[in-house]
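Below, in C-alpha cells: the form predicted on its own, a single chain.
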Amino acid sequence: MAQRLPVFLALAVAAFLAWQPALAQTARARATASVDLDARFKQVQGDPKLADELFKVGRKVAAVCANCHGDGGNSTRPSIPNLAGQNPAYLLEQVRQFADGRRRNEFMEGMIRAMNADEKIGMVLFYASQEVTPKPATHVALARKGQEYYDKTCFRCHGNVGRGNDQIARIAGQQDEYLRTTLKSYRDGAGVRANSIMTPNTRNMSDADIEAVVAYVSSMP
C-alpha cells in the first residue's frame, strides 16, 4: 500500500494544484522566466501604483504559501521559517536561489518555478509588510546567555535588534527549530546552502551556544 502524505503536505499540494489557474498557467511563468528580477523590483520600488498592484497579487500568492508558512507569514510549525517582516530584497534573493537550485528544497523549487516575476515580487512585498509575532523566551537564563553570545558576534551582521538588511536575513522572532537546524547546517557544512559569512562565524559554536542563541533570537521582537 502506498504511503500517505503528511496532512499538511497533502493540503499544500492540493492548494498548489488548485492555484494554477490563478497563476495563468505554467506558460505565463515561463514567459517571464527571463525577466530581470532586480530591474523589475527597482521599477516597482519607484512606482507606488505598480507596487500596490503587485502587493495584491502577492497577497493571493501568500494564501497558498500559508499552508506551510502560516497566515501573514507567521509559521505555525517550528521547523518552517517565518516570512513576515523579512527584508524584501533578501527574500527576493532567496526566491531566486530556490529557482536556480542554489538552495535546495524540491517542494519550494517547484512552487517558485511556477510563479512569474510579478508574482514573486508581489509575494516579497506582501511578506515584508507583515508583522512578526515573536514568542516570549521560555528559558530566560538560557536566553540571557544567548544574548551575551549574540552581542559579541551576531550583531555585526544581523544588527543589534536582529533585523538584518538587504543582504542579511532578519532573524528576530524566527522559529526556534528552523534557527537551530540552520545554524547547525552552517557549522557542520551540511547541505548546499553555502555562505562565506555564516560558515566561519558558526564553525566554533557548540551545541550549547546554538541553543542559547536560538532561545534569545527566537524571542526577539
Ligand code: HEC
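Quantities reported herein were computed from a predicted structural model and do not represent experimental measurements. Residue indices: 1-based, along the sequence shown.
Below, we turn to the form predicted in complex with this ligand, even though it does not appear here.
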When the contact criterion is heavy atoms within 4.5 Å, does residue 208 count as touching this ligand in the predicted complex?
no
So in the predicted complex, does residue 56 come within 4.5 Å of this ligand, heavy atom to heavy atom?
no
4.5 Å heavy atom contact, residue 156 to this ligand in the predicted complex
yes
Going by a heavy atom distance of 4.5 Å, is residue 135 a contact of this ligand in the predicted complex?
no
Residue within 4.5 Å of this ligand in the predicted complex by heavy atom, from 111, 143, 125, 117, is 111
